[in-house]
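Included below are structure tokens for two forms of one protein chain, each presented in isolation as structure 1 and structure 2.
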Structure 1
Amino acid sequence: MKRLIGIALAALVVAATPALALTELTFYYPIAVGGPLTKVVDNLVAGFEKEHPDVRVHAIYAGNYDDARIKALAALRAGQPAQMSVLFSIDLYELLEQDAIVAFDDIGADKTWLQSFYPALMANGTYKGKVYGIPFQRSTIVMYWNKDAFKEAGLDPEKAPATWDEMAKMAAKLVKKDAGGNLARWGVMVPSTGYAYWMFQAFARENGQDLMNRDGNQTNFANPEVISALQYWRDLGAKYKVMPEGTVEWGTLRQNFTEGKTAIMWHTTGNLTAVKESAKFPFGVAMLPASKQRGSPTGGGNWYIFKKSTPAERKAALAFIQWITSPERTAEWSIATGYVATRADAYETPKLKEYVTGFPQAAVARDQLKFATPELSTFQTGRVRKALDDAIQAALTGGKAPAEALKAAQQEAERLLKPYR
């Protein structure tokens, strides 16, 4: 009888215990670079849910960065918003203008955590002293080179060009023609579709200039050093004949490199793992060459938390972002994708330390951060960026002289940004 009473009391206790409150989170995630990233993200989400059984996280894979931003903002306007998203780091000003995001400082984020990321990567996510974007899928532009092609051309396969002059001279030796005189391999390729402004930022930075101020309301497109940077890019194809004249496709360049159609390419470090897995030849990775200095813009995506979320959702979203950007997960992410680890302590984890020892190319993007500048981001970012992209295309295809093209882009940027000053 006592045993039956005990069982009945236990059943009453269980019945009276409230069910675990479940918080549902949705985020948009851009797939902008090659590689099995969806599987990596899915595995991370599963790991978080295992440790946090009271939270369910749903990832919506949304194409490139522009697709992800458009879909996230459309859902927001339709009253079906996600609680968080990985969006372009340069989307900050647009998201602020639309009053779409909250500052991590305002939802209880610990300052020690906010200060754990590389300052160069935090620049695109910070506005007026508050942090709105947490670095995650971040990159710099690096230079990949085919060591076999260097050896074949009589160049040191272990030494990448360190200056613009060296790159032009070495690329000339790397151009290869077949027995019929047809071009079989270019010396260097720099992509000029998709993210032309990003590549151009590297040239401008290396020539001593940044393209915008830190308040997002002033551009520097018509500076003489910026103009000469675009002239050099144009000259690689039109004058030195070491690169295709006109445009080079972002989306197919990695394949061109791994198939031996170019000996050198400039591309995102986010392609590092994919190149490692597909190249059939030894390759090197180096910082971009210098004119007056080294330099590359940072790039990639940040985590944002949207305003249209409940306190419980914000708390869960913050917990998820803190978890996925911890040193251990950051190390796993960097190894799996090639993106730069966003915090120094990730490089001290045994896993990433061992990986970098065996594959030192993985440390190049990190080391280049000390020469990095924030990616081009202003108010009216889309229109300002289009004006610059159009100028770059016009110059590379020979439609306009670099000076003429960039002065027109600067005039358009002035018109767009004047109200914000």
Structure 2
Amino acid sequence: MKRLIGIALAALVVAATPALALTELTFYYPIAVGGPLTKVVDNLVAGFEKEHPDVRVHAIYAGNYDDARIKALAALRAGQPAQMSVLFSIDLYELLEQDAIVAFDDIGADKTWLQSFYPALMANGTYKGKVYGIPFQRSTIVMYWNKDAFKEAGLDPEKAPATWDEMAKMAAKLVKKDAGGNLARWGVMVPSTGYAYWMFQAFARENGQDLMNRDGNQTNFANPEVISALQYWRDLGAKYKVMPEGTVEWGTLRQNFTEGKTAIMWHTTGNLTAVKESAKFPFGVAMLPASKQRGSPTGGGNWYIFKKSTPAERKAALAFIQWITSPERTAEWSIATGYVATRADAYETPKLKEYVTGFPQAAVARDQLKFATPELSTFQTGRVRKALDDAIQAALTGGKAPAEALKAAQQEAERLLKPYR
């Protein structure tokens, strides 16, 4: 008898399902920081499906940013369904050139929603006045400092350097040698492998310069202020001797800091939770120091909607993205990851308010957003970025003078971008 009821129920469910007109969505997403984030994403998706029984969402973890882009584009090319994805915010021009994405303005997203995010985070997703990327997992660079080291060097442990000059001077005091005269602790470290261009954007911005225009077809590498920014970075190692000469490895820097081998480091906010968990000393987080002004680039991933989708799918995708970037969800996501909450009203939610009170370091990235500049992104972005990376590394390792290196990079970028003007 029970079985009969079961079968009857199953038949009912089967019969009822098409009536709901189920929309299926698939998206790819990358993870670039530590922690069990796939689980967080799965929970978010489940929460959405509960509220929207007519939409089924498949979330596919796709490795790092490069992998995610390659996989998403390959899937599109192969005709596999993917209506949206979280991809690198700076993939915008590549995706435009592949004609792969649609503007949110063109599929019925209303202006007030688009304006609810921090403008600094919208820049990388906007092209010719239209929004193509909605900020999601976004970061900036902040300065971490070791309060014990400051105390030991006779500095105020609660006060981080606020200017370039201060940083160089304080770092000089923070350098520690052991009995044998060998270096035991550096004053400051700024990573220069992997994402050198990103760190350099901070220096340039602080010196009053952006490295590219908003249309992504012009770079500004050879500007004298940009050159002097690179000179300062190089001087930290070569002149002030407060940072190792040569390049500093992105991947191991966090450990250098938590093991007390450097008193100050510049790093992504995405590392905040990890540093909090492994540092055995009190540490502070501050905005990056200023030269002419404060400044830091943004980074991280945006939501994109793909052109290869039906109107119904676009509608569902838009609903999903609006849901997952709502203030509540944004607050949850920020706490779980350390990423910046992408909108001001998220910081007004009780959850995030409470979190920031207990851990004020979490608010620094937000406060710095008003000085933020979009991440370097142009047409031919891979090559342009590499030209800049190579120039920075050449200068830091002493292979070329900053001016010479940046002029060569600018020349290369000119050659690459001319066809896009």
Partner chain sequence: MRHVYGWLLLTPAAILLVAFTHYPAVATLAESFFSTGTAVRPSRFVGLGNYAALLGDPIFTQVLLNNFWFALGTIPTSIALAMLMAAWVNGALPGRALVRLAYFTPTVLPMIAVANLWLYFYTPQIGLLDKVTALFGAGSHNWLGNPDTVMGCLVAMTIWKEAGFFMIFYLAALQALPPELGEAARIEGASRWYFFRRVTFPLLMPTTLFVLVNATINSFKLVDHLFILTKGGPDNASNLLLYYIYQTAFSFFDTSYAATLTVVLLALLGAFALVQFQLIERRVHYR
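Between two forms, the rigid core is defined as the largest C-alpha subset superposing within 1.5 Å. Residue positions are counted from 1 along structure 1's sequence. Since the model is a prediction, treat every value here as computed from it, not as a measurement.
Where the criterion is the form predicted on its own, structure 1 meets it and its counterpart does not. With the core superposed, Arg383 shows a C-alpha displacement below 2 Å between structure 1 and structure 2. With the core held fixed between structure 1 and structure 2, Trp198 has its Cα displaced by under 2 Å.
A rotation of 11° separates the smaller rigid part from the larger between structure 1 and structure 2 once C-alpha atoms are superposed. Core-based superposition between structure 1 and structure 2 puts the Cα shift at Ala82 at 3.2 Å.
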